[in-house]
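What follows is one chain in structure tokens, specifically the form predicted on its own.
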């Protein structure tokens, strides 16, 4: 079976991982700090903190947006993992669904404007489906006009580019995921990028019970410290960070392989199979390569019989019972969800693999 996803684990991680494992320090320590410095350089900001998952990073962002009011509404997409939207309701917020482009699966400036005619809102959360950027600048301008906080869920998007700006440049909060099957992994993990220093400092406290871990001298294990705001146990550990450090140097190579495979599919499918086009203002990280076919479920089974794994990966969130109170008509979501299918595009796909995959898609797709 040609897999849709595969864990990338560098061979040279074994020695440093064993060193960390037997160092006597496997919690949040020097390797976490080292990994954060890599991320700060890559993302061109000092306001980056690691977490134990991308979901935890989003939870921190929504916590800081929603606060204690329990009445605030976040406009968000249902075309995503439920991890994007669960933290909204877990923080007591309300969801306002925004429709998506029926081909890209992304929120657009137009669908956001339509949602703002329908809802009062406090924040907007966008997902770049498969790592293909939304029109972030336009969406950011709308958020500024309406005094809305903007959150970017970049679970698919490590290595994505948009108008030459680093990821998170346009938003108040942004998240990357280092979960097992992402471009690079820490085993599991994530990071939160904050626009301003105050949010960054607050998030650093919130990720570890609300305690200031930078205070180390003159007290008994911080027992005397006052905790002004209840926090979580969302920090990354040194084992995860060690994997992230060693994997990070392969990021460009991995993303380039995804892009090369995607461009091959584009060239073969042009005029024959409808596929998600890359945003002309950016570069997709192509964590997913998505096509649209009328016989999606049949095609999935046909390709499985031919030894090719495919999946929708994520289905619409708004039909889940836990979100029932927020239901509304979303024609773009309905169309995307009915026809979309993701085919293998990752770094492990050989030229022979992609030729075979494309041939079989063309053979069975309708």
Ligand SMILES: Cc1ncc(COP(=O)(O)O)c(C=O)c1O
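Positions refer to the first chain, counted from 1. Keep in mind that what you see is a predicted model, and the values were worked out from it rather than measured.
In what follows, reference is made to the form predicted in complex with the ligand, a form of this protein that is not presented.
Contact annotation for residue 83: at least one heavy atom lies within 4.5 Å of the ligand in the model of the complex. The closest non-hydrogen atom of residue 111 lies beyond 4.5 Å of the ligand in the model of the complex. In the model of the complex, the ligand sits beyond 4.5 Å of every heavy atom of residue 76. Within 4.5 Å of some heavy atom of the ligand in the model of the complex lies at least one heavy atom of residue 127. Screening 176-184, 291-299, 94-102, 143-151 for residues having heavy atoms within 4.5 Å of the ligand in the model of the complex returns a single hit, 176-184.
Interface residue among 255, 155, 88, 107 relative to the ligand in the model of the complex, by the heavy atom within 4.5 Å criterion: 155. Site annotation in the model of the complex: the residue of 310, 339, 45, 53 reaching within 4.5 Å of the ligand with a heavy atom is 53.
Residues are counted as partner-facing when one of their heavy atoms sits within 4.5 Å of the ligand in the model of the complex; in 332-358 not one qualifies.
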